[in-house]
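Have a look below at one chain only, the form predicted alone, in structure tokens format.
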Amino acid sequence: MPTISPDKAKPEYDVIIVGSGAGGGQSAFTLTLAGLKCLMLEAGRSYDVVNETPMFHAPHQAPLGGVGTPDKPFGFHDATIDGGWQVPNEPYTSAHKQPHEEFQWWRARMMGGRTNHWGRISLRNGPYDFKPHSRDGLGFDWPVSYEDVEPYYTKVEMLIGVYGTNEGLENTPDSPPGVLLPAPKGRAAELLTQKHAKKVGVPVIPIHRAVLTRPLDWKTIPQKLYPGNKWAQGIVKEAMSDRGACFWATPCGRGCNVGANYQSTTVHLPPALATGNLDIIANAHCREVTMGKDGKATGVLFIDKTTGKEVEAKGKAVILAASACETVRILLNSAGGKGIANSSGLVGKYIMDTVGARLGGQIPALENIPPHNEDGAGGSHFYAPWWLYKEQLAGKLDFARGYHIEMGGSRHMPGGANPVSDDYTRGLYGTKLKEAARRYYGSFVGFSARGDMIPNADCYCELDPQVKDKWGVPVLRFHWKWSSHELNQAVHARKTFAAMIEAMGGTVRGDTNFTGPNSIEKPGSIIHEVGGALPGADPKKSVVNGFNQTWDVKNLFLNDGAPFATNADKNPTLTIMALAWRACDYIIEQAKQGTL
């Protein structure tokens, strides 16, 4: 990915964009195609997705067969470089009192950020998700509605390519006809789950995922995205035609050097660079937003990691898209540590993660299945959207918000780990071991909940008064407390999974202690942390308005997960991109009016 050194940067840009992931990438795409000059700062190194992606490496070519290690938690071949739960020289602290409330902060330090690693699950928030307080009296409503965001969901889906089906289910929005790509068929375990989950009332349908199951329609989509703008159409057309359809070669988490899945580095940044309106500086660790006497942002200060020197970049507007908590860190460290955009006192407050819970089982019906082709997109092809909205609204459940179910099973490439649990082969040798491996390989299933978290005042981050990073910048300290809604939701999920496994004729495996603290995953572990810059209609009770624009600093925008009022069960990346595109259209309009 082409980058420049700090000394090659222009004296001033129209917009400084901090972060190159989903929000930063979408911002660069939208603004540069509108003719605005942009500088993007990425805290990690550059990344060549074509030459660095281990598309065809086998497990035996990796240390330990490619299994996860502390510095590569998702396996040796995972695309993440210089990132993870711990980043060298960039610590954070936690003030938790209970083990299940220890916040874990996963960060990416590479061009494209988390988009190189994420699961590509692309679910739209539904109408209820934007107005949850109006529905159940808890949390906050967003200052925008589903109808406000819907056109941008459609544009993002057309641009990045999302497969799936329209099912017409409650609060699970359909896309307009012709937008979604064909969904792949279910694998054996998914089809068996779909058949038997009906017995316990759980609907199982094709998931929506940002993977190309066929080439994008580059002949017509650019015209729909940029009607009447031949220049923009040409750039988008070329970028789309460069992407190939998935041929099921490798897990998506490795990255994709044919551009079949969505990564910022293959979808957003190439066309943005092709406009000639984007410069990118890598290894730029943002310290703070600089301010003018008129109360407007003038740019940012960052540390050039290659030299350790502090550098100032100037812009008429600033977009922070560094990831939700990183953006909070920058805001709180600005103005000499006094913070900016914080007259409400809400910067860093109400952070959320997706509620996680899981359970697995062994299914005799999946034993001794003849070898067959189970290639497909990385991750599951099917999922179960939340199905108990009416029962929940009627007060029949002891938690207020729902979850969706992701599933795994069948005969995936085993990697370096034993694909058959040791307790099924312990003590066996020779022919008996081979027979047991053939019998049980592919007979295990796993289910994971991804649930809505209601924001609460006990979940927040602040500057640690003692700890600083390598460059002397104060780090974040996290506080967390789950409410009974999240704990009860996790218990409900695991009991539902047990019922599904038993309906399939299987046996539940692992820990069956179904208490809340034992059922819920640690905060941050799902890597869906959002919030910290509450959006709203009242400047005294929120940080940003409905266009991600901070109330206090009119030319400062937050285009990542920070301005989330709630964290629906739907994975947040598609919504981050839709809101970023909408915010950038607003910035473009402001620039035309000369009010940026």
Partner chain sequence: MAKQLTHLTIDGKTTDPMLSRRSAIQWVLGAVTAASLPGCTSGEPTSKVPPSQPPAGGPPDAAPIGQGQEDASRLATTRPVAGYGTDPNLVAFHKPGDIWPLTLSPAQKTAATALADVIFPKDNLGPAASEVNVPAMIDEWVSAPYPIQQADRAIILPGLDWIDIEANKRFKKPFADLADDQKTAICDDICDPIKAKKEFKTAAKFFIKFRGVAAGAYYATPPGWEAIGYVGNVALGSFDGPPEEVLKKLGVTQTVV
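As the structure is a prediction and not an experimental result, all values here were calculated from the model. Numbering follows the first chain given and starts at 1.
Heads up, the form predicted together with its partner chain isn't pictured, but that's what we're talking about next.
Only one listed stretch (286-294, 480-488, 261-269, 355-363) carries heavy atoms within 4.5 Å of its partner chain in the predicted complex, and that stretch is 355-363.
Though its partner chain is absent from this view, in the predicted complex it lies within 4.5 Å of a heavy atom of just one residue from 381, 237, 492, 155, which is 381. Out of the listed residues 183, 179, 332, 501, 183 is the one that sits within 4.5 Å of its partner chain in the predicted complex by at least one heavy atom. Put simply, residue 199 is far from its partner chain in the predicted complex: not one heavy atom of it is within 4.5 Å.
In the predicted complex, no heavy atom of residue 128 sits within 4.5 Å of its partner chain. At the 4.5 Å threshold, heavy atoms of residue 191 reach its partner chain in the predicted complex. Its partner chain is not drawn, but in the predicted complex it has no heavy atom within 4.5 Å of residue 231. Across the proposed site, 74, 206 and 372 without exception bring a heavy atom within 4.5 Å of its partner chain in the predicted complex. Scanning 41-60 for heavy atoms within 4.5 Å of its partner chain in the predicted complex gives 45, 51, 52, 53, 54, 55, 56, 57, 58, 59, 60 in sequence order.
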